[in-house]
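First, one chain by itself: the form predicted on its own, in structure tokens.
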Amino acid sequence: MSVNRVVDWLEERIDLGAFRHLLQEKVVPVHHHTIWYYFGGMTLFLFVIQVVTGILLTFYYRPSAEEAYESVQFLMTEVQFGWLVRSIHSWSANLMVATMMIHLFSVYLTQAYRKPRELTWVTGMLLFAIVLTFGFSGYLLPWNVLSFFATKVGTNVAGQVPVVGHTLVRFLRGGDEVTGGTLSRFYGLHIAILPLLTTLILGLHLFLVQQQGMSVPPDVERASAQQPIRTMPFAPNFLLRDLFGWFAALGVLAALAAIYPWELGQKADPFASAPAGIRPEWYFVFMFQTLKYIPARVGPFDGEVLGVMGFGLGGLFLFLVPFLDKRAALGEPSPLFRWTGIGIILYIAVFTALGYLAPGPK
């Protein structure tokens, strides 16, 4: 059956006119920052890989302290290509966080959050928070030594939140300690609640992007008064370039999964002492390292509490930046916000490097 006959068959039952009009009329601006557009699609592609490989893993995974480690071990040693599926799932999660961070900060530095795209930025920040929660909850599921103690440290940090810290820790752990109940709770969060939230917010985010079109940096927008902005058709020009980025990401992912398969390590023993140099996943290391440098007491205040509050305020700043940057709403450059964003990027990079070069105890 030819493609045209399939399309004709569908059009008799579904109105494809709006979709066809979208493909024919949608254009993408071409300027010196166009390359950053591709990281949004690459993040979406990696998320799809996460969904597919995650579904395959659930066929074998058993979410209990007694069977979780053994089920992953069976998957990696007995199931054909099970080790590869798990490696792809783990590596794609890390690559997705990386591409999403690049996408987020490229949007920030080009002021693409300015009016009328405030809600697009807000939904993007919500998706970023959900992705980090995906990483945190999924890290515990193999129930190995590193994931167990990293989760213990991470939930301890949550306990430093003023007023609600103790309640938050008990909610996350399902009790006072990290146990099999914590594992079951994180599993439910990871495969049910977070995917539902992601689907809803991602749908809204993509709808807003489609409604508002691709943003252009303020300098390009100002220059358009003298010379119209160049554009290219979304289909096939931009779409083919986007597909090339997806294949490049798939190639990197396949190479990492095959050459550096994700290790399982040793089964967690809740009664053992924490191994030396324990740390969370790389995208949380800068926070972990910062808390190690803060003194136990800063005047009358607890050092960790101040650190956690600082990170909370930093996240709130990023969440509200479209409403704080008044100059961006007028299409004017905002040096203060621009250099703040550059400072945040440098801070994350430096403290992440320090976390791997000097991981000693607090």
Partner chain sequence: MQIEERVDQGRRLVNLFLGTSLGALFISIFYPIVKYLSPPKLAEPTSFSVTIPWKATEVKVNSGRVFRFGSRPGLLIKTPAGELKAFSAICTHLDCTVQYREDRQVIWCACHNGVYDLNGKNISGPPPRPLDPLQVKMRGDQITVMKA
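Positions refer to the first chain, counted from 1. This one's a predicted model, so the numbers in the text were calculated from it and none came from an experiment.
Beyond the structure shown, there is the form predicted in complex with its partner chain, which is absent from this document and is the topic of what follows.
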Hey, of 28-36, 55-63, 304-312, 328-336, which bit sits against its partner chain in the predicted complex at 4.5 Å between non-hydrogen atoms?
55-63
With a 4.5 Å heavy atom cut-off, would you call Ser273 a contact of its partner chain in the predicted complex?
no
Answer with yes or no whether Trp282 is in contact with its partner chain in the predicted complex, where contact means some heavy atom within 4.5 Å.
no
Any chance Phe207 has a heavy atom within 4.5 Å of its partner chain in the predicted complex?
no
May I ask you to check whether Phe247 falls inside a 4.5 Å heavy atom distance of its partner chain in the predicted complex?
yes
Identify which of Val178, Val85, Ala93, Met287 has a heavy atom within 4.5 Å of its partner chain in the predicted complex; exactly one of them does.
Val85
Which listed residue (Val79, Ile102, Val216, Val169) meets the criterion of a heavy atom within 4.5 Å of its partner chain in the predicted complex?
Val79
Would you mind checking 62-78 for residues with a heavy atom within 4.5 Å of its partner chain in the predicted complex?
Arg62, Glu66, Glu67, Glu70, Ser71, Phe74, Leu75, Glu78
